[in-house]
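There is one chain below, alone, in structure tokens, taken in the form predicted alone.
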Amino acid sequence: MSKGVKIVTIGGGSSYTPELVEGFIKRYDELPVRELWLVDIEAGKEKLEIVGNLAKRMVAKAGLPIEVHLTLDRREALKGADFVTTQFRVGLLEARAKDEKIPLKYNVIGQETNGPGGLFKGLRTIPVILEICKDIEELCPEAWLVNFTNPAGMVTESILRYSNIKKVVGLCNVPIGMRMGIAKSLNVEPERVQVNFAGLNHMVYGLDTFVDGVSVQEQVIEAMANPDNALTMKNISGLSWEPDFIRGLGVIPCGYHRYYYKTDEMLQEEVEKAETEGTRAEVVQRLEKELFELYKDETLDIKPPQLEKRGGAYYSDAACSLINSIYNDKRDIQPVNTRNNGAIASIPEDSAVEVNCVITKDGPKPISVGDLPVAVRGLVQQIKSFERVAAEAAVTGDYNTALLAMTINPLVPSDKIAKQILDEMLEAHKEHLPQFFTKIEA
């Protein structure tokens, strides 16, 4: 790789791309990116042009010899790539709005990666990612695939089960956000904080926390029990936890756990917000509009600070650190989605988990945590069953399997409601779910 690194980003017209470009610029001395290919589809062409031109201005400002290529031809871009990152949304934000709105009609949480919305995002995304995997196998078989496309756990699970690609890592900004939040609540620099993460994507727990190598878990639990200190994400409500529940739990939940431990309150808040400011997808559509107006400014040559509001803070840092550590065999510790290989005792070895790993040139090596605490083990196993069944439904297009996945999700109250939501959402997303409809027509 001495000739420099070729990176291909699928979904290059995303509003997150400037953050990725900033991360590569910052690390250029260690990670000499020679070519960055930003790939999108016809519907994303305008955004790709706008973001791509901003990327070129950022690189020019940094005075670096990185060639930025923009293309709608994925196969052309993939030839000889060293790393492929994926950050796309099948059906764009309109599809996300449906995922959020339809379940609410049935008094069920509508959310991008949890419950019925998470199922449908998976059903739309998995067939597309598996096609990309076939192209990678053919055109750049040695490349590492770094996936941030949600639902990242289910997508990683599908790649491990239904493709021949072994070099895949799923990535999420939730663990980094948690670590940053913990550092802030303890009033220490983030680099001094180490959290032992284990679980699944958007279902990850901090099992122990260290500052300068000394456990401070009890302190963190007490900080979380303080209602003014609710660790959360930009796209999730910061409803405070019951202090005694957090003390009883003894591990640190992530923001998404509110959907499972505070289902009624979260549902009520979603219903109210949908009526006043719109669903999260609608809020994001407005934010994106503002961002792309900023990106169009030909004098802009940095990542604008407004991007932080988008809910994806630290994504690029996570992605660039991961790529840098694989490329340079750094052997540092990062939480990623990867094959379990026995790291979490209560999850099958061949399943995807989100866990701290030592990052090497041969990819992530999961750090064993043994069994999860009994209080959280069952929920993690239930969500893993849901991910497995959902992935199977996405690949087979089998209606009964999709209904099973919907029903076993803990956010869906009954098989009857599951069927009603499934039928309405299948119809709403028909154009992006050919695997279900070609059979019916045949």
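Throughout, we count residues from 1 along the sequence that is shown. Computed from a prediction, not measured in an experiment: that's the story for all the values here.
Beyond the structure shown, there is the form predicted in complex with a further copy of the same chain, which is absent from this document and is the topic of what follows.
Heavy atom within 4.5 Å of a further copy of the same chain in the predicted bound form: which of 70, 408, 58, 395?
Looking at the other structure, the residue within range turns out to be 408.
Go through 341, 219, 285, 226 and name the one with a heavy atom inside 4.5 Å of a further copy of the same chain in the predicted bound form.
That would be 341.
Verify the contact flag for residue 179: yes if a non-hydrogen atom of it lies within 4.5 Å of a non-hydrogen atom of a further copy of the same chain in the predicted bound form, no if not.
Contact with a further copy of the same chain, no.
Is residue 27 close to a further copy of the same chain in the predicted bound form, meaning a heavy atom pair under 4.5 Å apart or at it?
Heavy-atom contact with a further copy of the same chain at 4.5 Å: absent for residue 27.
Answer with yes or no whether residue 388 is in contact with a further copy of the same chain in the predicted bound form, where contact means some heavy atom within 4.5 Å.
Yes.
Is residue 53 close to a further copy of the same chain in the predicted bound form, meaning a heavy atom pair under 4.5 Å apart or at it?
Output for residue 53 is no: heavy atoms all beyond 4.5 Å of a further copy of the same chain.
Since the chain is shown here on its own, which stretch among 110 to 118, 181 to 189, 248 to 256, 75 to 83 would lie within 4.5 Å of a further copy of the same chain in the predicted bound form, judged by heavy atoms?
Among the candidates, contact is made by 248 to 256.
Mind checking whether each of 194, 244 and 375 has a heavy atom within 4.5 Å of a further copy of the same chain in the predicted bound form?
Heavy-atom distance to a further copy of the same chain in the predicted bound form: all three under 4.5 Å.
Going through 389 to 417 from first to last, which residues have a non-hydrogen atom within 4.5 Å of a further copy of the same chain in the predicted bound form?
Counting only heavy atoms within 4.5 Å of a further copy of the same chain in the predicted bound form, the contacting residues of 389 to 417 are 389, 399, 400, 403, 404, 407, 408, 413, 414, 415, 416, 417.
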